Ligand SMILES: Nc1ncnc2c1ncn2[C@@H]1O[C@H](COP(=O)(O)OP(=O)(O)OP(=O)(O)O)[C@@H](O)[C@H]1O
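Shown here is one chain on its own, the form predicted alone, set out as structure tokens.
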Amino acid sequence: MPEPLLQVRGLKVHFPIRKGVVLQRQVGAVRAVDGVDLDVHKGSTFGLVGESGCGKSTLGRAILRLTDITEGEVLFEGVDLAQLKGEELRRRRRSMQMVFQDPMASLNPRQSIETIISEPLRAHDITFDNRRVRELLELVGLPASAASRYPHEFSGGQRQRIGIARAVALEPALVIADEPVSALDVSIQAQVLNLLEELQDRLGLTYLVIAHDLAVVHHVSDEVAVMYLGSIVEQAPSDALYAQPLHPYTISLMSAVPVPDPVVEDSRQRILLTGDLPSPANPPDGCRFHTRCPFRQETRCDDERPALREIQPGHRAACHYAEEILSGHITPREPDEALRAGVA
């Protein structure tokens, strides 16, 4: 297999917690991303999924160096971006672009669409003319006449198409799409996802798609990683992960997704997570999911943090009992039983 386009090794992003008006002494840190490893191969789509607050967006921004990295490596085309500064980092960023979640917030309302789309070209001193802007608009399914208009004149789906046009203007190798359809109506989401797939085939793009919608990630991704409290807890090819999740958190997420077949929906087990998401400033000892885990076993889960390890070929999970879950030797507790066991 060829070398991955993007390799992340031991990536940590910690935000300091300071106390005191004058001295601003650091008394702790929010561990937004806490030791992430992942590989993204050229021409593929890597999906990153998890509930709000798990660190997905911070990870995406750290990869692009939009957020400072506390520790670790981000190897893009073999070069560690964590070590780059100034002009050298700026040149590398030409090959990496981002599509943001809220197209209205990410587009300058005072600028015309032509100015917005051509901004990356100007920033990197690339000679262009109006024809290039029209080509980009047509590439994302908008008329050339849109160039003279402003963001407020477009719908949410059209604004996201403008954001995508801006992202591909420099012909990047990697595009990080942070919740690219979550702010859109359901009827528009499929159109934008289809556009991303068309552009990938046409331009040879590599995607890192960040989302909390499991159906969206399954639809677009070749490989999927599940994040919980700053760490990846499961990673596998998309079809394998959705067919047989092995981490209790992933299993719980999957059980919450409705199935359009009423017979199947009535017969399957729904797993309800107990308790609240722990604070990333004070994560629990042992397995970070053990305070909410319906499969929790005493002592080991509380005291020993599991490593992300291969359970089946290409399928990794950070759970001490993944093999037992796979074989059916361990089954989830009922919510009231979990509460009595102290899982709250």
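In case it trips you up, residue 1 is the first one in the sequence shown, and so on. Values in this document were obtained by computation on a predicted structure and should not be read as measured data.
The same protein has a further form, the form predicted in complex with the ligand, not shown here; the description that follows concerns it.
The partner is absent here, but in the model of the complex a heavy atom of G53, alone among G275, P283, G53, G314, sits within 4.5 Å of the ligand. Between the ligand and the residues V36, A32, A62, V40, the one pair within 4.5 Å by heavy atoms in the model of the complex involves A32.
Contact check for S44: no non-hydrogen atom falls within 4.5 Å of the ligand in the model of the complex. In the model of the complex, at least one heavy atom of S57 sits within 4.5 Å of the ligand.
Contact annotation for E179: at least one heavy atom lies within 4.5 Å of the ligand in the model of the complex. Along 89-107, a non-hydrogen atom within 4.5 Å of the ligand in the model of the complex is carried by no residue at all.
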